[in-house]
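A single chain comes next, written as structure tokens; it is the form predicted alone.
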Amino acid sequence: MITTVVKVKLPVNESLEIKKMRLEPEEKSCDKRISIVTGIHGDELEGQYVCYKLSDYLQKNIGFLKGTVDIYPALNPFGIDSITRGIPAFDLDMNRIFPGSSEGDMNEYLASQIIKDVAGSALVLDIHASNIFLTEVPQIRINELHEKTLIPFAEEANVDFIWVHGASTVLESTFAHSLNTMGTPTLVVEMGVGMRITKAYGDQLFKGILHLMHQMGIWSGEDPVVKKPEESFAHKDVCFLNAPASGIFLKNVVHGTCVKKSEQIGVIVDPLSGTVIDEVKSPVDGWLFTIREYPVVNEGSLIGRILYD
């Protein structure tokens, strides 16, 4: 059943509506609810495929559903329509205004009503993509303040990597931090690249969601086998690669592969002179989980991230 989470009036007799798909059996044997959320940033589209696939699959196999599944594909619908990261016309990152306020402006009101609707879920997956510059392996990022609660869920989500990061004040205004602080477990998923859909990653996360649902008693159908993820705590095991010069970056390896110390990750070239300006080499043995996707770089631009071996 499709329902409206929040609706606000706009000029010229228009309105902004944020909707969700609620799926539940006629007779529930499990009172738990899992919420799948995406579209906070309008240029991150990887979650759209996951929402489509999950909604389609569950509707076709509704007899195996024991609890409630809420799917929110577009928390920032205008951003998605205009391929804009933030909320158009406001120059505002929606993921910096939570938990919002019912007495605030339009955007704060929207945020408060979204939080009100999602709060109380047994688990929330907040699905993001990388930006247009980088591509990421499927990973879950966890604030160290909530790692004890979230890591057991994350380890069953069929992602490649769990990255526990240090606390930061900017995170206090995010959707996930707001819900976690309220006691609603929320996992932040990052995967793929901005403005694109990587179906293989979507299929991987879809299996992880089914597995989590099965473990929680919400789903009695297929229980996919999930992989054991790599894990890093508070940036201690992560090496950042930055461009040593400006130019066009041509990569030689793909993300998700193991690299050796001094191995060439790629080169930075000058198309005009036809010369190689500099090389980008791995400073360590490890696993490359992020790689530059957009080829134009300036000195200091992020090229990749490596998990130390």
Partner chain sequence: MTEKTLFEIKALYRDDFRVTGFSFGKGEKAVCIVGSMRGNENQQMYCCSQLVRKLKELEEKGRIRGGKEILVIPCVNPYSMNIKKRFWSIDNTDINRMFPGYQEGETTQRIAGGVFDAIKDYAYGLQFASFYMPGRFVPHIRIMKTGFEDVELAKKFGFPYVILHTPRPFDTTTLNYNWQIWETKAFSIYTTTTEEIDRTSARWAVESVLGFLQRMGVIEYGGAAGYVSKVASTENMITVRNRTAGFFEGKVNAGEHVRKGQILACIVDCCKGQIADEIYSPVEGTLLFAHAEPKAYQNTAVYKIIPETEEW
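Positions refer to the first chain, counted from 1. No experiment lies behind these values; they were computed from the predicted model shown.
Form predicted in complex with the partner chain: not shown, discussed below.
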Mind checking whether each of 34, 152 and 276 has a heavy atom within 4.5 Å of the partner chain in the predicted complex?
no
Please check if residue 302 has a heavy atom lying within 4.5 Å of any heavy atom of the partner chain in the predicted complex.
yes
Indicate whether residue 133 is a 4.5 Å heavy atom neighbour of the partner chain in the predicted complex.
yes
Touches the partner chain in the predicted complex: residue 67 (any heavy atom, 4.5 Å):
no
Does residue 247 reach the partner chain in the predicted complex if we count a contact as any heavy atom within 4.5 Å?
yes
Sort through 25-33, 278-286, 58-66, 262-270 and report the only stretch with a non-hydrogen atom within 4.5 Å of the partner chain in the predicted complex.
262-270
Just one of 148, 116, 96, 199 has a heavy atom within 4.5 Å of the partner chain in the predicted complex. Which one?
96
